[in-house]
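Given as structure tokens, the chain that follows is alone and in the form predicted alone.
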């Protein structure tokens, strides 16, 4: 479970996040949508421990991430928009390094199968610095089953991925939701949010301006996420 209370963060005089509160239950996906600069990435960077907030509280499965960051990070997987990896490692070296850090029980055979499914098996022994953005993103996604997290944070996860990989990612996330993981993601691909998310929060200028259940929006309100987005975000 993810619990955020009155989260605030500023960059100098710019208030990027202004008192945001929300929860993501176990076995649920919450999608953050909003225009560029709305504060989505800042929220995810605070939850992943990259940034410290000005104020507010964040709990990951009952653990305060600022009081016990090691425990919180140990059960969290974070897929950033930019896949920053060590260029002088091979993809396989990076995955093995991740396995050692998390003392992962994933087998060589399972990892090889995943690399084959994502069509990156032939890249495993090449230096990461030779990879395209999409290849790096695929290797990053393979850290999720290695970590086997209780919480998954995703920032624009589809950037650079081909349609086959997108389908594999959806299936992977569905498996983790079924096993009880809490997932928070930001995306500009509203059709993707409609496809896999349970709830949506629209963020604008550092504040949540709309929250709703995807099923209710699509069935009861007879609206798409795009219509909600355009209605709630001033132009």
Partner chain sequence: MRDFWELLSLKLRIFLNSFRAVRHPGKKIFFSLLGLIFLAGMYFWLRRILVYLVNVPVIGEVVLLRFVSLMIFISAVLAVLSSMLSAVSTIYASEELRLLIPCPVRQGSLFAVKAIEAAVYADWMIVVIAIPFAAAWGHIYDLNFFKFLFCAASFFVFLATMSATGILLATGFAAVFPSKKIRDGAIVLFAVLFGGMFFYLKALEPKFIFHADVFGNLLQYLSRLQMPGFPLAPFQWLSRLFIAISSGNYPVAATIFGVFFLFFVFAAAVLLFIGGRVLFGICGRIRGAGVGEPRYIKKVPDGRLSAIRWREKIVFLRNSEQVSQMAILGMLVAIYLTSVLKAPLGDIPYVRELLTFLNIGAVGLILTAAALRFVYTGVCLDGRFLWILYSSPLACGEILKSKFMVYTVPFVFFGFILGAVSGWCFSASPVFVFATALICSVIGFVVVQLAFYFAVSYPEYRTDNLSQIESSYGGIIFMVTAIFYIAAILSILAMPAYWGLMGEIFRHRAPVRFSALLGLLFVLTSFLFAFLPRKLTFGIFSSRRHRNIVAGRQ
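Note that this is a predicted model, so its numbers are computed, not measured. Numbering follows the first chain given and starts at 1.
Keep in mind the form predicted together with the partner chain is missing from the figure; the text below concerns it.
Contact annotation: of the candidates 45, 63, 201, 186, the single residue with a non-hydrogen atom within 4.5 angstroms of the partner chain in the predicted complex is 45. Although the partner is absent here, residue 159 sits far enough away that none of its heavy atoms falls within 4.5 Å of the partner chain in the predicted complex. Contact annotation: residue 133 falls outside 4.5 Å of the partner chain in the predicted complex, judged by heavy atom distances. The closest heavy atom approach of residue 195 to the partner chain in the predicted complex falls outside 4.5 Å. Within this chain, residue 139 is remote from the site of the partner chain in the predicted complex, having no heavy atom within 4.5 Å. Of the candidate stretches 18 to 26, 208 to 216, 223 to 231, 5 to 13, only 5 to 13 contains residues with a heavy atom within 4.5 Å of the partner chain in the predicted complex.
Residues from 65 to 85 that approach the partner chain in the predicted complex with a non-hydrogen atom closer than or equal to 4.5 Å are 70, 73, 74, 78, 80, 84, 85, in the order they occur in the chain.
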